[in-house]
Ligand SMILES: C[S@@+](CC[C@H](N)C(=O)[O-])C[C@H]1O[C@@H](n2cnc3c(N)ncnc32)[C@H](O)[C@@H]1O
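We begin with a single chain expressed as structure tokens, specifically the form predicted on its own.
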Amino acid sequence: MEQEIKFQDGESYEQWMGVWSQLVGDQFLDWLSPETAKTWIDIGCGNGTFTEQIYNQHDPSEIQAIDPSPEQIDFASRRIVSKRASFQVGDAMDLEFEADRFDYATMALVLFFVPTPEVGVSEMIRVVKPGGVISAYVWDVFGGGLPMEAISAQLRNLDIPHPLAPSAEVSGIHTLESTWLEAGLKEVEVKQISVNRTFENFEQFWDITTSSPSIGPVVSKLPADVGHQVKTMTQDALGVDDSQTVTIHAFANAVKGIV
């Protein structure tokens, strides 16, 4: 049975993916260039990292944030305490909001976790007003853009299976573009967003990155000698000793269009 990637710990997610999400989110919001005092829905909000960026940078009149994980919603709801922000458990393919409700609908690092991405996009379109904006960004899974690619590459070299997001194929920039165009959205644009994150040393990079729910459970269950081999191969591939800083390059593909 294929392992499922589950996000259930807002605290560890913050240390691991929250930092990456903020790095990409800043560039994404600059590119999106949204108006202030508008209504938003943040779908798959996780622990609220990106929701907080929207809230702080673009002063929404209302922001509804949903995620399938109660644990993540619990963490996120403590992040922003405001009558203008609301967090609730929800399903990206069946939004519990009326049609034409929002000015902006967005998914940050989420679309490739939606079982049927086209349904998720159609739901975003349904709840957004005519003239509103539908947007998303996802790590470029097959292009090598994932933040854990340095470790994933060694798992592949050793033929050790590890889970990918269930709809990983949607992460390619051309697939994102065609998904938006086929949904009937107008003025569709795509952009690749590149970011770097520096860790104090290899051990910090390894510890934080193996807390990822996609590779962490895989690495932790390996026999000790194999786990050590993966770690050594990763450090060799990065070309750093124990005392050097480690800078990791990652990139995401972004898309936007008008209803």
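Small disclaimer: the values here were computed from a predicted structure and weren't measured. Don't overthink the numbering: it's just position in the shown sequence, from 1.
Another form exists, predicted together with this ligand; not displayed. Remarks below refer to it.
Asker: Can you pick out, from F75, F87, F113, Y104, the residue that has a heavy atom within 4.5 Å of this ligand in the predicted complex?
Answerer: Of F75, F87, F113, Y104, the residue with a heavy atom within 4.5 Å of this ligand in the predicted complex is F113.
Asker: So which of S212, T234, T39, T49 gets a non-hydrogen atom within 4.5 Å of this ligand in the predicted complex?
Answerer: It is T49.
Asker: With the partner left out here, check for me: in the predicted complex, does some heavy atom of C45 sit within 4.5 Å of this ligand?
Answerer: Yes.
Asker: Please tell me whether any heavy atom belonging to D91 falls inside 4.5 Å of a heavy atom of this ligand, as the geometry stands in the predicted complex.
Answerer: Heavy-atom contact with this ligand at 4.5 Å: present for D91.
Asker: Looking at the partner-bound form in the predicted complex, is L109 within 4.5 Å of this ligand by any heavy atom?
Answerer: Close contact exists here: in the predicted complex, L109 approaches this ligand to within 4.5 Å, heavy atoms only.
Asker: Would G227 count as touching this ligand in the predicted complex under a 4.5 Å heavy atom rule?
Answerer: G227: no contact with this ligand in the predicted complex.
Asker: Among F28, S122 and T179, does every residue place a heavy atom within 4.5 Å of this ligand in the predicted complex?
Answerer: None of them does, since no heavy atom lies within 4.5 Å of the partner.
Asker: Out of 146-154, 67-75, 127-135, 182-190, where are the residues with a heavy atom within 4.5 Å of this ligand in the predicted complex?
Answerer: Partner-contacting stretch among the options: 67-75.
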